[in-house]
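Structure 1 and structure 2 below are the same protein chain in two forms, each given by itself as structure tokens.
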Structure 1
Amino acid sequence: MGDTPTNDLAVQVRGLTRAFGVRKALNDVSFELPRGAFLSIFGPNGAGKTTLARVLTTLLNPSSGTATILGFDVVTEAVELRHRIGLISHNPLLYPDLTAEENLLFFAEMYALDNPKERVSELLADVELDHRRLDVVGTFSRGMLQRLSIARALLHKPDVLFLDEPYSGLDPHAMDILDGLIAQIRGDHTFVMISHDLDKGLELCSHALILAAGKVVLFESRDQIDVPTFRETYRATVGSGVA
């Protein structure tokens, strides 16, 4: 794996389009995000939010346009890029027949981490699952699975962390744990979060993007946002039926 290309941008998207047959889930999307930023992406169901996340995390190739993360092209340099990003999504990406510890050690081996047992123990403590480290993951609640998936995503200390509705299905205690983890590592990562929770998304973000029908409706830095106007734009977008 080579050195990271010199680039002050964490994310650079240019004319990104992804079509499924005749339907364009993403339609000429463009934006730039500096390193260390926290982007919250909002939009109605079917707006293209998850498709955008899948393209940016190398899980789906675009139909046209380009996207780079940390200067790496998401298509031609996907292998190198995967070592530098993390993903928390609806799917915890865990093996139900393995214990919590075995799951994390498996992924630690994939990333060739130094001192994997130490790192796994540290993260299990951070997500308050140390007492369940030897329990099979198939017995975990939804909230516990999500907490363990957070630990999985953070194992290799990714430069950019993608969060696809990370608070979905979490109980209040698990939400507090996630809030604490984000605050703890905020200075070490760039974040891209998809959220239906406008209050939480605006609370966390340094930049915000509204997506509808695969197009960018609004993209602004947090200090440029007039919250009442933003809320009205969001409500109009969600209620427009264009998604």
Structure 2
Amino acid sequence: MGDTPTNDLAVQVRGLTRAFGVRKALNDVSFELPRGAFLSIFGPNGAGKTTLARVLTTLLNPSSGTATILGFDVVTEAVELRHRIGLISHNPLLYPDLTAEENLLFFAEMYALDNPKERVSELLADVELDHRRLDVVGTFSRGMLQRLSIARALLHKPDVLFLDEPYSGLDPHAMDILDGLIAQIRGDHTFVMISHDLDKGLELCSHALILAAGKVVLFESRDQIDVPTFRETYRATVGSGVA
């Protein structure tokens, strides 16, 4: 498990294709992302964003092509890789019938952490849910759920964080809190975010990728991006790209 990553690329994707029969959810996707970067992936519904994220997080296997995260292959080194990635989704991915603490302790066990209790208390304090630790998660507000799900994603100190439309369904206050938390951990993590929200995605990102019908339409770093042209490209895909 202690293998050192082979290079300083956080994400390396080569010719990634995910197909079933004739339908291609991902079609020859390639890109590279340096460590510490923040990638925003845009695209219309059905463009393959979720499939791409599921392949990169080892939940789906590609049909062909390769993807490595931190030098670990998503297929052959999935278990090692899972120790190093985390997911924050618009779904909280928490059990509503368990308390905040029980939820985190459960996932701490799944990651076989050394000092689960300390780590959980530490994180509950970080996301300011200390006072609600013994409350059942089903009673939490949307914002609290999101904070707790961030704590869940950070439990095992992952290096790469995947964000699946994390802002959807949040009220402005909860959005501010999420912004704050992302800013706080931004320095030492690589982020891959799926987003519908062009403004938010562009504001945060260091790299941007537009996906349409399973193909990469555009991949640029933030300083290359000319915002009006980018918007135009994005709009064009939304009109045409639904596979």
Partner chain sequence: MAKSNSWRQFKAILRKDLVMELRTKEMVTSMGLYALLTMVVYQIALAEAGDSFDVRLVMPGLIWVAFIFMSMLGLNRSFVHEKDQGCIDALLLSPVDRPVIFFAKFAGNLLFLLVVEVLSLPVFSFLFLQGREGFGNPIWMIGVVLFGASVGISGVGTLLATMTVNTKGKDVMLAVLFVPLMYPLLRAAVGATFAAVIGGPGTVETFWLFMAWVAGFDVIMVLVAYGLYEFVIGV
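Every residue number counts along structure 1's sequence, beginning with 1. Under this definition, the rigid core comprises the largest set of C-alpha atoms superposing within 1.5 Å between the forms. For clarity, every value in this text was computed on a predicted model and none was experimentally measured.
In this pair, the copy labelled structure 1 belongs to the form predicted alone. After superposition on the rigid core, displacement of the C-alpha of residue 103 between the two structures stays below 2 Å.
The Cα position of residue 78 differs by less than 2 Å between the two structures after fitting on the rigid core. If you fit the rigid core between the two structures, you'll see the Cα of residue 130 move by 2 angstroms or more. Taking the rigid core as reference, the CA displacement of residue 114 between the two structures comes to 4.1 Å.
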